[in-house]
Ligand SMILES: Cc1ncc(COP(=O)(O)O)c(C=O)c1O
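A single chain comes next, written as structure tokens; it is the form predicted alone.
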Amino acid sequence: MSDNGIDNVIESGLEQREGNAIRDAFWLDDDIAYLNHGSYGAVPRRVSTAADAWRMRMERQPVLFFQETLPGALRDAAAALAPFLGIAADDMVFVENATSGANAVLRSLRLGPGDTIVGTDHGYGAVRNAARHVAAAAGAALVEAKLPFPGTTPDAVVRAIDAAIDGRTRLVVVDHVTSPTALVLPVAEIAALCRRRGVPLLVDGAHAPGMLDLDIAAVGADWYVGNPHKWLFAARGCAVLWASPDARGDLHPTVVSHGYGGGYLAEFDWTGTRDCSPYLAVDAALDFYRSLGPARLRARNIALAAEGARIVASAWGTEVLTPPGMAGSMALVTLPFDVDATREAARAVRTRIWHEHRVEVPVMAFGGRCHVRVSAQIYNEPADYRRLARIFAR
């Protein structure tokens, strides 16, 4: 698709403003190309305002707020968000981020010596670390299925995970959208595999809410965690943990507090004094997201990520490593020069791109090479990717 082609997709796909025309709805600096929505999101001004209003309400009478207002307000927020995610409000709780939710599941496991947790080599680093920690404490182990890359296919992903499961496996953990490689994994097929093998499944869907047409219950997992504060525009620090009714017996928050023994909602809704305004303002995020036309926004962002990656790869003489059939609103492009495939080397390249060119894009070390992972969101346009492309153009 040509640059004009993606412009046509954008113009015909949304009636609302997009690209530079909607930048003023966010707090982003005017002079930067921000191609890293995937890391921390970008909060619209109206969502920040809604969160601030809840924060001020809390400060006007903190005791009244925490003891009388908050319990019902949390459940109201859950009731607003749950239908959008394809779940019942009483099946979800709020957590600070997807990693916190994943930790709650991992730390609630009953593991013994010789048991295994199966993950993948594309898994998010923080969750991989949590799995290693929990496994090591019990004399168990984390086993990582190596997914074919590049040239990944959904069938190959399922086969690799299937091969890693054996009679000692007590949990499978997979990303819905992988962080280092921007792949949308076939989580429903993986869930079906896990049911056949009799192993529970935790899906780390950090990037999925807002990026994908998501129906969590239909995935068929036992637990699902996701971050509305990324692609759904929620205030930062708003994430959800969903647990199927059969997967709550041993599930507890990482901070055990006054709700202990009171059931799933009682334990997770109150873990101590915290600022819950990101959760309570989720209706404002949903309103903003819906104002853009959800299906059309998702299609626009997927198309723009693909075209933006093509623009960069063409200028650099490299390749896009995210296959179209497994792509969301992010894509991976290999750097046009050799650099050590280490976190430190990747960080140095990212720092150079930012400080010398005011382009924000993550650099990922994976598969023996370093790559940039470009994101596409409503405030991006093709010119942002051309700006990145010019930095190392050949």
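Just so it is clear, the structure is predicted and the values come from calculations on it, not from any experiment. Residue numbers run from 1 along the displayed sequence.
Not pictured, yet referred to below: the form predicted together with the ligand.
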Answer key, the ligand contact in the model of the complex at 4.5 Å (heavy atoms) among Leu85, Ala285, Ala98, Met92: the residue is Ala98
As a check of understanding, the residue in Val177, Leu321, Val105, Leu201 with any heavy atom within 4.5 Å of the ligand in the model of the complex should be identified as Val177
Of the candidate stretches 182 to 190, 313 to 321, 137 to 145, 169 to 177, the one with residues having heavy atoms within 4.5 Å of the ligand in the model of the complex is 169 to 177
Review point. Using 4.5 Å between non-hydrogen atoms, is Ser39 touching the ligand in the model of the complex?
Key: yes
* According to a 4.5 angstroms non-hydrogen atom cut-off, is Phe149 in contact with the ligand in the model of the complex? -> no
- Message: Check Asn227 for me: does it contact the ligand in the model of the complex (non-hydrogen atoms, 4.5 angstroms)?
- Response: yes
### Query
If you check in the model of the complex, is Ile117 within 4.5 Å of the ligand, heavy atoms only?
no
Of the residues spanning 190 to 208, the ones with some heavy atom within 4.5 Å of the ligand in the model of the complex are Asp204, Ala206, His207
